[in-house]
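A single chain, nothing else alongside it, follows as structure tokens in the form predicted alone.
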């Protein structure tokens, strides 16, 4: 069998490596348009914050290792452009600009996602950047070094934007953040969102909410002006961090079905609407374990797991992936921020009749030194009592606690069932009643007995 993979990052290389282990006599060809494969993209903000580290420290496995030790025909600098389903072939352009055509028995599309860049004047100016690939990280780090960057404007206030504002402040760079929507973190409970906002502002970040961006213009002394309603924010660099969009155009042009947000539609075995073509990673959709409906939540674990799933299915060990809960964690200066499942608004949109509780609780036992406040929120369906989601914010204990909620969502637990879970206790780590159990007990008062 000839297995061709388009895309050499998390999903693509996970699939290629596992398939080659499962089927060592098969031919595996990977087409990657860049020269980077298998790297920790999530580590880029923290690497950028450290001027003594090189971005290449984030490379997990170099391209030559895949070639020499695993026998994978990894072709970097090869951009796939067209999928011919009838001919079972992929056409594109090689590293020296030469056209190529490769035939496949089975194909995996793992083309990832790209940053959203508004179609507005000035977003193509020198110094306007986004962060998605390792090469993006190199450019940002090099720009900071070579230009002596002292101020940055970040457009957006999502995960990457908040992680990067911390990185810039670590480098003593002035940061202004701006977004069109008036709410800081619209998916988060207002009490928890307020804590994150105050932490961000406490570290000297200037937040500008509810301002439409009109353009970016060149200013004096190598400054860029981000022109908004009634104000112009200046910076030596502009980081566009408005989210990402799935790279699904090639699949759409080939006539494959698309799902939510234009992601490539796949079944639970990662197969597309063409039985010989699979898709995995940030370009593909998934099933949500709470709603049972299709969703698009691009996260690293899903990409790697889906790559493995494709490889196992092709090797005669069919998989049936349950789906995702949207579990995500990130760091904002000294705060841990975590979420899983549905917010109250998302639960309403999905057709549930949700109720919600948000509490404050100590992170450690009463009178134990070092205890801080942990903010906890949970959502449940009022009639059935089923747990639908949760959020945590705190200086300690938020990130790992969210995993308990994620497991509960995968097991379709009710709030009452979760409230009876035997969670660990010791004074340095938790009160006797863990904050999750306290939240669940309060939420029980709102669900139908």
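Numbering follows the first chain given and starts at 1. Only a predicted model underlies this, so the values are computations on that prediction, with no experimental measurement involved.
Another form, the form predicted together with another copy of the chain, is not on view; read the next lines as being about it.
Peer 1: Please identify the residue among 78, 271, 305, 236 with any heavy atom within 4.5 Å of another copy of the chain in the model of the complex.
Peer 2: That would be 305.
Peer 1: 393, 37, 28, 408: which sits within 4.5 Å of another copy of the chain in the model of the complex by any heavy atom?
Peer 2: Comparing distances to another copy of the chain in the model of the complex, the residue within 4.5 Å is 408.
Peer 1: Assess the spot marked by 125, 177 and 190: is another copy of the chain within 4.5 Å of a heavy atom from every one of these residues in the model of the complex?
Peer 2: Verified in the model of the complex; spot residues all out of contact, no.
Peer 1: Pick from 204-212, 131-139, 360-368, 375-383: which stretch has a heavy atom within 4.5 Å of another copy of the chain in the model of the complex?
Peer 2: That would be stretch 360-368.
Peer 1: Since only the chain is shown here, I'm wondering whether residue 43 would be in contact with another copy of the chain in the model of the complex (any heavy atom pair within 4.5 Å).
Peer 2: Yes, residue 43 sits close enough to another copy of the chain in the model of the complex that at least one of its heavy atoms falls within 4.5 Å.
Peer 1: Would you check, heavy atoms only and a 4.5 Å threshold, whether residue 22 touches another copy of the chain in the model of the complex?
Peer 2: Looking in the model of the complex, residue contacts with another copy of the chain do not include residue 22, since no heavy atom lies within 4.5 Å.
Peer 1: Is the gap between residue 146 and another copy of the chain in the model of the complex 4.5 Å or less for some heavy atom pair?
Peer 2: Residue 146: no contact with another copy of the chain in the model of the complex.
Peer 1: Check whether residue 352 has any heavy atom within 4.5 Å of a heavy atom of another copy of the chain in the model of the complex, and answer yes or no.
Peer 2: No - in the model of the complex, heavy atoms of residue 352 and another copy of the chain never come within 4.5 Å of each other.
Peer 1: Across 422-436, which residues bring a heavy atom to within 4.5 Å of another copy of the chain in the model of the complex?
Peer 2: Residues within 4.5 Å: 422, 423, 424, 425, 426, 427, 428, 429, 432, 433, 434.
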